[in-house]
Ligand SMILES: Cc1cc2nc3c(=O)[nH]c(=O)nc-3n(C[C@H](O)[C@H](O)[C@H](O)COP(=O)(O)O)c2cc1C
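In the form predicted on its own, a lone chain appears below as structure tokens.
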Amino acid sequence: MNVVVVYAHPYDGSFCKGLLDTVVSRLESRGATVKVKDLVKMNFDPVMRPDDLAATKTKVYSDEVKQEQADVLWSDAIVTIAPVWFAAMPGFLKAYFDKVFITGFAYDHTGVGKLQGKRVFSLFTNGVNDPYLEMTGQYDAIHLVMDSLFGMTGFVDVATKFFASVPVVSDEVRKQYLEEATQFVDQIFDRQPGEIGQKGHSALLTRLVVKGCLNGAV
């Protein structure tokens, strides 16, 4: 089992770093080969440059992007670990996928995903708890983005887990969170691809695009 872990947090003392260490240890103990992408330490360029965008036509990718694309193709599953900031994933995590999952690599010009059968398991930390998160639609906001990123590009499972009120909960609760994180990634080994499914409807929308139903055709 090959797993890419994409980590997006700038502070090594964060709970996200605790999740990273716990998850990587668990994956390796279950026999996975793991590649960690610490976006801050990698100094991954989050800016979409003109040449990056031109690659949708030229297929000429920067060395940085080519390496990430190769590792995506190598992987059976991707794990993402990040905080939720202003009801969204950090901008540099979204930018990573914007650049790596560009048209022509992750999906073709008709919208058909080219990364069929892969899986993604995402862990997000929140600074607050419900009912605020539910009332402000933050869960839905994350789910919609993840479904668009991964459902549209052909992933068969798009699983997401949230950890609430991380700065103020007790150490005992954080310990429980870490245990829940190990159980969450255990699904990579214990559940068959397609058993978990997707939150939204990107796969359906893709089929409609291919048939022309969303392009004014009958």
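Computed from a predicted structure; not experimentally measured. Numbering starts at 1 and runs along the sequence shown.
The protein also exists as the form predicted together with the ligand; that form is not presented, and the subsequent description refers to it.
Colleague: Against the ligand in the predicted complex, would Ser75 count as a contact residue? Criterion: heavy atoms within 4.5 Å.
Modeller: It does not: once the ligand is placed as it appears in the predicted complex, Ser75 has no heavy atom within 4.5 Å of it.
Colleague: Looking in the predicted complex, any heavy atom of Trp85 within 4.5 Å of the ligand?
Modeller: It does: once the ligand is placed as it appears in the predicted complex, Trp85 has a heavy atom within 4.5 Å of it.
Colleague: Might Gly31 be said to contact the ligand in the predicted complex, defining contact as any heavy atom within 4.5 Å?
Modeller: The answer is no: Gly31 has no heavy atom within 4.5 Å of the ligand.
Colleague: Please run the contact check for Val112 against the ligand in the predicted complex: heavy atoms, 4.5 angstroms, yes or no?
Modeller: No, Val112 sits far enough from the ligand in the predicted complex that none of its heavy atoms falls within 4.5 Å.
Colleague: With the partner absent here, would Ser14, Leu133 and Pro167 each sit within 4.5 Å of the ligand in the predicted complex, counting heavy atoms only?
Modeller: Every residue of the spot touches the ligand in the predicted complex.
Colleague: Tell me the stretch among 67-75, 143-151, 96-104, 123-131 that has any heavy atom within 4.5 angstroms of the ligand in the predicted complex.
Modeller: That would be stretch 123-131.
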